[in-house]
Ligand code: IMO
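In the form predicted on its own, a lone chain appears below as structure tokens.
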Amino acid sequence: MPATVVLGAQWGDEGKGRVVDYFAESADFVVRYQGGNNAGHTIVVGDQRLALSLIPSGILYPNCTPVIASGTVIDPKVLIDEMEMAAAKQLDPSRVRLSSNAHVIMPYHRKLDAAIERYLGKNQIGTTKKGIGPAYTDKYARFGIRVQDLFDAKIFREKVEAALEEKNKILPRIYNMLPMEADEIIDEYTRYADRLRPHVTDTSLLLWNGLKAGKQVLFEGAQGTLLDVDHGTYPFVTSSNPTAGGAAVGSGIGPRAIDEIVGVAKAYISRVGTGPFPTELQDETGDRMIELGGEYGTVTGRRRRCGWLDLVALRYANRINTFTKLFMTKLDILSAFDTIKVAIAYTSRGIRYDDFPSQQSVLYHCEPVYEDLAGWNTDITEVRSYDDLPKEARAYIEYVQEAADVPIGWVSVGPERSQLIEIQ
């Protein structure tokens, strides 16, 4: 049963969209298994850029079914807007399938998300304020609203009114915000239900039947390993599990169905928002990475923080996910630097760490131990063969895969779909 997981090996923003797009060309299903519209994927096809936050990248291929599985949280308006955008670009949104078990982001989730971030002040987590965290909170508190609830007027009203009974105590008393009206929410979301009805199905069964028939299934992780709620740099993480184990849980497919796990890693590293970042460069080199790499968030437009590649974190990501291969992106950005550094360990208060520290207080005080590698100072954006890369670029790739203990199967040398080298 051929299934592949593609997920970020860093703090997200690794260029997963173009990687998923590469694999999606031969996939029958592309599946989002966690997260919501807080994750953006940008795909460049010729002079056309497609920015997606909910619909899987498989929408680009007419023979592929994009699936939004039960582990996700859905803002119905955002999903409908994305489907309309896809239709305007001559893509067929009727193929999108949405799990009836996926949870719904409600207006009070967005309101709470923004209020909580404001309330935290300098201790902000750096959320996108799109309601993802509060929606997952309600899910695990077992009074969330699922997609299937939108189609039963009685149940939907009961659940909205029960939720507002609690939220309308919190919003005015703690956050000095006006209470919300149930009727307005119910009217708005009932309209969304009518639009979504043709797309809703049992996605676990859909995928299971596809796997039994020998179909190719591609699981698309949002965010990245270091933002995983259990294994990331908590509390500066997302509210779900983008790691490989989350693919099975979030899609309702058993782990034995998965035979390939591809980790996506930039040739350097970046993160958006707050939180520890041992190799962050707050100097001209970091600024240059940001500008050359176009390091601004797809969803938020926020300027990303950039630094040299962190091999300690990459080894940790491999341990958590058991990658079968890595896909290295943005190697071309490093062409601008005479010397390239990689972090091979950390030091904190006189102690050396070769493995990723489990204590947040330690990680905050970590300084990277760097190894210097030679740069190549050559434009590689037209290179399509591994042997045609400068020897310094090949040495960099080989150093990284040996240090990370996982082979690198592909390298991107530019944003276009064709700017790719497959390493045999």
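In case it trips you up, residue 1 is the first one in the sequence shown, and so on. The structure displayed is predicted, hence computed values, not measured ones.
This next part talks about the form predicted together with 6-O-phosphoryl inosine monophosphate, which is not shown.
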| item | value |
| --- | --- |
| Which of 64-72, 367-375, 33-41, 386-394 sits within 4.5 Å of 6-O-phosphoryl inosine monophosphate in the predicted complex, heavy atom basis | 33-41 |
| Close approach of R302 to 6-O-phosphoryl inosine monophosphate in the predicted complex, 4.5 Å, heavy atom | yes |
| Non-hydrogen atom contact R157 with 6-O-phosphoryl inosine monophosphate in the predicted complex at 4.5 angstroms | no |
| Non-hydrogen atom contact D21 with 6-O-phosphoryl inosine monophosphate in the predicted complex at 4.5 angstroms | no |
| 6-O-phosphoryl inosine monophosphate contact at L314 in the predicted complex, heavy atom, 4.5 Å | no |
| Contact residue in the predicted complex, chosen from T127, N321, N241, T203 - any heavy atom within 4.5 Å of 6-O-phosphoryl inosine monophosphate | T127 |
| Option touching 6-O-phosphoryl inosine monophosphate, based on a heavy atom within 4.5 Å in the predicted complex, out of I105, A247, A265, L227 | L227 |
| Heavy atom contacts to 6-O-phosphoryl inosine monophosphate in the predicted complex at 4.5 Å, residues of 199-232 in sequence order | A222, Q223, L227 |
